[in-house]
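First, one chain by itself: the form predicted alone, in structure tokens.
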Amino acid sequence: MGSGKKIMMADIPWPEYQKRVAEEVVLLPVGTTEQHGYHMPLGVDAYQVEFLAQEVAKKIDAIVAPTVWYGYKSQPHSGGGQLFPTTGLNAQTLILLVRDILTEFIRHGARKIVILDGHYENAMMLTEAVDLALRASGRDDVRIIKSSFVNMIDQELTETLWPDGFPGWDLEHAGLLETSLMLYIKPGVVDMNKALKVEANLPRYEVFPQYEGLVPASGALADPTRATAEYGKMLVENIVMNYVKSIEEAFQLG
């Protein structure tokens, strides 16, 4: 269990941080700033993954780094696309940004780093950033793990929350998953009166450039109307539990 120490890197004086960083796990939440339908704000991906990182850090000795609020460009099949007012980075920009952050953590002495990915489109850019940072470090005592938070959700819970069929994590954009999480994490920014039941009938291929009308007008790709804070609590507890298990396993903690 956590020791009661400050967990947010931004709140820790540098002498204390310097003493802790080589021994403790450093958690880096990476989200983006992206539309999430009529009923939720642009900050959903960052809010979610930062909250999850904080909950994980409370259970282990960990430091939560400042969240990366910008991610790779939204795509129609997983985030609605760039026709909406979403702030997306070029792939190289995100790769180099995260590479530089990881390089600095390693320079500080960090040996155990976890990237919590809160944005579907970030995945391979984060993989490249990790590879480049490790190659440049010249150290063999550093281990970095990364995972999208949705990969920490057990199949049994998925079957419980989507009894009529699961649309897939890519299409669960501003749907039941994210709306339930936000109703639990930050309910004041969710307006369920504006949540619309939608069904995205996307083609089996991607079209460039994206055209108007390809995705539902709201930007949501799945139905958010069944979302509840109770579902959000179940999701948070399951995700945090599996992150903790994975971190303890990967770094041989305890």
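Quick caveat: nothing in here was measured; it's all calculated off a predicted structure. Numbers follow the displayed sequence, beginning with 1.
There is another form of this protein, the form predicted in complex with another copy of the chain, and it is not shown here; the text below is about that form.
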item: Sole residue of L171, L89, L183, L161 within 4.5 Å of another copy of the chain in the predicted bound form, by heavy atom; value: L89
item: Another copy of the chain contact in the predicted bound form: A10, any heavy atom under 4.5 Å; value: yes
item: In the predicted bound form, Q48 touching another copy of the chain (heavy atom, 4.5 Å); value: no
item: Partner contact for K6 in the predicted bound form: another copy of the chain, 4.5 angstroms, heavy atom; value: yes
item: Contact flag, M124 vs another copy of the chain in the predicted bound form, heavy atom cut 4.5 Å; value: yes
item: Neighbours of another copy of the chain in the predicted bound form among 100-139 [non-hydrogen atom within 4.5 angstroms]; value: D100, I101, E104, F105, R107, H108, E121, M124, M125, T127, E128, V130, D131, L132, L134, R135
